[in-house]
Ligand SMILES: Cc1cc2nc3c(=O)[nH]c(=O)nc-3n(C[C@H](O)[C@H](O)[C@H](O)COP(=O)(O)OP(=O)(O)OC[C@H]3O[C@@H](n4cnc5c(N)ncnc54)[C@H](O)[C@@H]3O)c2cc1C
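Okay, so here's just one chain, in structure tokens, the form predicted alone.
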């Protein structure tokens, strides 16, 4: 059935269709409030069939389809697009004996943590449990335990996905293996994921959290951290953050309004070994707050303590081949406590370990050889937006001698083709674009972060 009027779509689906004048339309506002999201209409589906009907409708009316859940990785959406907002599809079904979960497209990691952790099972989420599961997994997924378990997308068993032609497919290594390869790393290129099945490692607790030091010790801490990282076993994942803590009620009193440097630490296995491994960092300087302890896995979000509430952010990102003394000096020069940094946070994550190894089922995720990932996050209030962006670029430019020239799909999201080209090697980008031509021949899903031919 061909539909030509947006208003008629509501008669074909169980979910809600919201036009700009409808109250439900405001629900499409993303977590990153700096991003303008103003589609021609918003569809809140309740099933894969609703999504498929929406995609077919978009093809009939000449619109593209964008997709969103929590909006952490939001990109601009304009009136040429219909936005599929999956926020009503939050079902989580845990198979305790099989140690798996089937997760709806709109679920956040907090939904999965709530369902799985009472059984001693550990969803391999990102640093913020409020992030959506599907967007995180289709970008690869780097969590607080990435060196131990590898990419979270390496633990995906299957997808349910709607293609650009409105077909609903069950995707696994055995069925539509080309899509299974591309959906793990290809973001929104190959379809709209409506459900995903993931493995759940057994891990009731871990030893981790963060140690916060006053910014006056930033040079000592950052230098010690960079020298400490190469000797760490795979049982440990860590990052360091130069952080301008907000002077706000939600900030711990010891940190509020201060420039601090935080060492994040998450270890599995023997607690005594983990204690010994962390001792050199604890000895560098007196801590303002030492929040590293044995934690239930349900508290995994405490490692990074990312802000839970919507806010405007501008993010930039690069991968590094190493972090030598010269790179540490450049970081401190531009983002240290006396640099007048315009970034709320500059973070460096150690990679390697299980992250660097290919899983049995290969994926479209690239750049497993990177040693570190650096991310800048600024608050682009109108009067400072350009300065924030310029300063972020300056930080990454200063690290240029150690940059691989590449990026990861889930960091600093953008639809710019040149940025996408940095997320993949040439062969992978070519294969993703070719698969998009096969599964979305009319370009209905060509909105947002999707691979295209750029050569």
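Residue numbers count along the first chain shown, from 1. Please read these numbers as outputs of a predicted model, since none were measured by experiment.
The same protein also has a form predicted together with the named molecule, omitted here; what follows describes it.
For the marked spot (73, 138 and 411), a heavy atom within 4.5 Å of the named molecule in the predicted bound form is present in each of the three residues. Taking a 4.5 Å heavy atom cutoff to the named molecule in the predicted bound form, the contact residue among 290, 330, 88, 306 is 306. The single contact residue among 336, 209, 182, 132, judged by any heavy atom lying within 4.5 Å of the named molecule in the predicted bound form, is 132. With the named molecule omitted here, the record of contacts in the predicted bound form names 63-71 of 63-71, 426-434, 41-49, 385-393, defined by a heavy atom within 4.5 Å. When the named molecule is considered in the predicted bound form, residue 378 lies well away from it, no heavy atom lying within 4.5 Å. The named molecule in the predicted bound form comes within 4.5 Å of no heavy atom belonging to residue 224. The named molecule is not drawn, but in the predicted bound form it has a heavy atom within 4.5 Å of residue 349. Taking non-hydrogen atoms only, residue 145 never approaches the named molecule to within 4.5 angstroms in the predicted bound form. Although the named molecule is not shown here, in the predicted bound form the stretch 161-189 places heavy atoms of 187, 188 within 4.5 Å of it, in sequence order.
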